[in-house]
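Presented as structure tokens, the chain that follows is alone, the form predicted on its own.
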Amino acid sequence: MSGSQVGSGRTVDLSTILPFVLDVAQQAGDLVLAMQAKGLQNVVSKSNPTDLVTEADVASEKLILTALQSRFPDFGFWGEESNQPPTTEYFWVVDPIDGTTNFANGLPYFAVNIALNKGADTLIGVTLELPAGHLYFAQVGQGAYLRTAGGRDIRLHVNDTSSLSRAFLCTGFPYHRTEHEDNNLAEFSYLTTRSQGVRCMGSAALDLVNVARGALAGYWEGWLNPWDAAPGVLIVREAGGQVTEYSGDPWQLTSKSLIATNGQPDLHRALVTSINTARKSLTSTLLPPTEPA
């Protein structure tokens, strides 16, 4: 792979940065699995009882931060646990464990998520699926890939499902799901009876790469944070898919809603329409207006 970005009078060679990021993600993954095997001693709640953090989340973020800043000291760092929005042109967006609830309960569906951004643009996205060890990655303009255990890179492609009735979908629910009716239940109920099926597996990072590799035709969720979605959004787009807000406008780092599909126009349009139709049943909403123009 090749490619560079110019910013603030400097050239950043993405092709040399990507291998380093892949290695850092693997180091973090090894640490996370070792700590899980040893037994987690400190699982606590953040915003509410369903929003968990463990000592492995904190340790993983510290490892990633230390490694990235030692190599790129002038790049900012925006991690889930520290949550300090960056002020630099180039910055990392990091979820040390996406799917912490799965991780804390021993369900094998969680990930390490690392992206490199230049402002609003994601340049590199890396998602390490754990404990399987599947390493997904993308560099802007260079395609999306899965690196096998033997070191071979397999290019990812979305599937070609074009109708909603045949679409296998995935979604997730917000932490406030017991506190407000705008909690994705309306959308989930509406689409469950109009698609091939809907799954809720607990890791936005992995749901996105499963769209990229063609296992899912689509995925939607609200209230995601940048670290949940940035790597996977790039991976889906580089695999030929489309990612928007519920309004149908392109997803951005500050977006509060997300629809990722294989990019088939009829399917993406049907998901946008279905979600907005379902949301009309709500008496009050927490998301910004999402009705397509």
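Not measured: the values here are computed from a predicted model. Residue numbers run from 1 along the displayed sequence.
Another form, the form predicted in complex with D-MYO-inositol-1-phosphate, is not on view; read the next lines as being about it.
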Counting only heavy atoms and a 4.5 Å cut-off, does D-MYO-inositol-1-phosphate in the predicted bound form sit next to every one of 97, 172 and 202?
yes
Quick check for you: of 26-34, 235-243, 263-271, 220-228, which stretch puts a non-hydrogen atom within 4.5 Å of D-MYO-inositol-1-phosphate in the predicted bound form?
220-228
Mark residue 187 yes when one of its heavy atoms lies within 4.5 Å of a heavy atom of D-MYO-inositol-1-phosphate in the predicted bound form, and no otherwise.
no
Contact between residue 129 and D-MYO-inositol-1-phosphate in the predicted bound form at 4.5 Å, heavy atoms?
no
